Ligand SMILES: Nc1ncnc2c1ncn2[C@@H]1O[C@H](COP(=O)(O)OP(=O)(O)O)[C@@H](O)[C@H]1O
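Before any questions on how it binds or moves, here is one chain, the form predicted alone, in structure tokens.
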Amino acid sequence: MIRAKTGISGLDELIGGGMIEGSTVLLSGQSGSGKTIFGLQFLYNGITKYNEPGVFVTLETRPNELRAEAGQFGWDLHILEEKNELVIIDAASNKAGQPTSERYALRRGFDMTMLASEIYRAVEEVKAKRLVIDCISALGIKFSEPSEVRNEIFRISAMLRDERLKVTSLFISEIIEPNSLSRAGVEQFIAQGLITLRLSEVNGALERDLLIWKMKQTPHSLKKHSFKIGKSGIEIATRKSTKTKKS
């Protein structure tokens, strides 16, 4: 089975060597837990280490802010864009009522059909093998029922799993309620994998941990793993005696 290695320190050994090529994985977490950094690292490593071009769809952060965030880890997105190895789709500026000069963007109001079309165009143009949508929680604002959110996420996920594309996708979702797994409560049922990032207060300080809830057709860790965000991005602390299960 072909794997898309994340290149994130300590993670691939917890998920059978990487994500299954062409699958969709949901990454959920609280504000400040490191979701966007995780997504950027997944794409940057894919391009620079594994020769897999990528697309980043930003629904809440404007592209220049995204590039600045990546820059603090030494990830120069401008260079990758110039080489036509990375596309950033700006779906955030329009929502904020701001103009955009980005080549790929939604410019005439937020519309799911237009967004899906723009994603397909970008994936085809750079022959992308990886995609990140940050964050799909923003899609829920357009719909009143969880079933509508689920249907639209399924539509995009199904398009990306097309055999002609074989795109490995990371969908990012916010967690609002402490015991929830996603914003609308339905996103996890669409994805083939689910990873949560959480912040916990321990002795007056915040600590981060990661938990893999499911990863289809893959033995994976059942334990919480602490991680830190350092100069090179996310680094996960692993245990030698980690138990695994097959989802």
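Nothing here was measured: the structure is a model prediction, and the numbers come from that model. Residue indices: 1-based, along the sequence shown.
In what follows, reference is made to the form predicted together with this ligand, a form of this protein that is not presented.
S.K.: Just give me the single entry in 221, 36, 58, 218 that has a non-hydrogen atom within 4.5 angstroms of this ligand in the predicted bound form.
M.R.: Of 221, 36, 58, 218, the residue with a heavy atom within 4.5 Å of this ligand in the predicted bound form is 36.
S.K.: Residues 31, 208 and 230 are flagged as a possible site; in the predicted bound form, is every one of them within 4.5 Å of this ligand by some non-hydrogen atom?
M.R.: Every listed residue reaches this ligand in the predicted bound form, so yes.
S.K.: Quick check on residue 85: any heavy atom within 4.5 Å of this ligand in the predicted bound form?
M.R.: Because no heavy atom of residue 85 falls inside 4.5 Å of this ligand in the predicted bound form, the answer is no.
S.K.: Would residue 52 show up as a contact with this ligand in the predicted bound form if we use heavy atoms at 4.5 Å?
M.R.: Residue 52: no contact with this ligand in the predicted bound form.
S.K.: Does any part of residue 72 reach within 4.5 Å of this ligand in the predicted bound form? Heavy atoms only, please.
M.R.: Output for residue 72 is yes: heavy atoms within 4.5 Å of this ligand.
S.K.: So, residue 102 and this ligand: in the predicted bound form, are they within 4.5 Å at any heavy atom pair?
M.R.: No, residue 102 stays farther than 4.5 Å from this ligand in the predicted bound form.
S.K.: Taking the partner as it appears in the predicted bound form, which of 85 to 93, 125 to 133, 111 to 119, 72 to 80 has residues with heavy atoms within 4.5 Å of this ligand?
M.R.: Contact criterion met by 72 to 80 only.
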